[in-house]
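Only one chain is included here, represented as structure tokens and corresponding to the form predicted on its own.
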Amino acid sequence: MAKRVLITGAGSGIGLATARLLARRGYRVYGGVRKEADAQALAQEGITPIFLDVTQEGDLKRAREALGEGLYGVVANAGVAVAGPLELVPPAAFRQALEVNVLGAFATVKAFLPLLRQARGRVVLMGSVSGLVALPLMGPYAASKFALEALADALRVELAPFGVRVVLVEPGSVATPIWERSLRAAEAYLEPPPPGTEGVYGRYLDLARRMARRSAQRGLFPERVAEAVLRALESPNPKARYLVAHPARVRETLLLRLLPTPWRDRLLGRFLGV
């Protein structure tokens, strides 16, 4: 019997690439989506769509009831990218990043743990290199991904007695629609700079737009991340973490983690042009 896996945020990007790869490898894949068009597209590829907003307990309960027994894996992939200079980010937008990226992942795992325990299955959390190094202008997104690092560390040990393995996948920049969506959203939610700060924040915002467009155009193909998810599900002894990034980004991340804080801040300040 084919192993069954639920992937949240399966309508596009990493989630869609992962759903397609797992379906090709013989898994019975359930893809969490929020739009009818995405559901129809998944169904045409032999993937079972489930309408699922990870911030809604009712959706999670209905999804669990629909799946029944025998769930081998949960890939908690649903996420949003909230970014910008922190002074200009309204608390509601920051709260959304935590609600979807952290509490949504937690609620998803919690909802399906009884099924995963039965199967001695796998939990795959979708982290980011932003959970290893917090870059300026990415504060809300990085905060949510740092929180996922803590969630993964706690779950990995707590669930070990039940035979449930917990893996964190940490992608670098990936060429997905999330960047274009985040740019459009930021234009709507970012507050105007306070008087006298326009020059600095104007440069920051221009840089943030360039960074988002570069990620959308030059990031990793989402299929690279999907391959890491497959390894996390299939390896007899999976790693705790799979870092998936261009070699240059890996070196940059390791350097920033090792540098003394004053050197790190000075280097990033030059990057910002301050």
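Note that residue numbering follows the sequence shown and begins at 1. Computed from a prediction, not measured in an experiment: that's the story for all the values here.
This next part talks about the form predicted in complex with a small molecule, which is not shown.
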Quick one: does R156 come within 4.5 Å of the small molecule in the predicted complex, counting heavy atoms only? no
K145: touches the small molecule in the predicted complex, heavy atom cutoff 4.5 angstroms: yes
So in the predicted complex, does any heavy atom of I47 sit within 4.5 Å of the small molecule? no
In the predicted complex, is there a heavy atom of the small molecule that lies within 4.5 Å of any heavy atom of R181, even though the partner is absent here? yes
Using a 4.5 Å heavy atom cut-off, indicate which stretch of 50 to 58, 22 to 30, 203 to 211, 226 to 234 touches the small molecule in the predicted complex. 50 to 58
Position in contact with the small molecule when the complex is considered in the predicted complex, options A119, V80, A93, L103, heavy atoms within 4.5 Å: V80
By the heavy atom within 4.5 Å rule, which residue out of V174, V109, A152, V164 makes contact with the small molecule in the predicted complex? V174
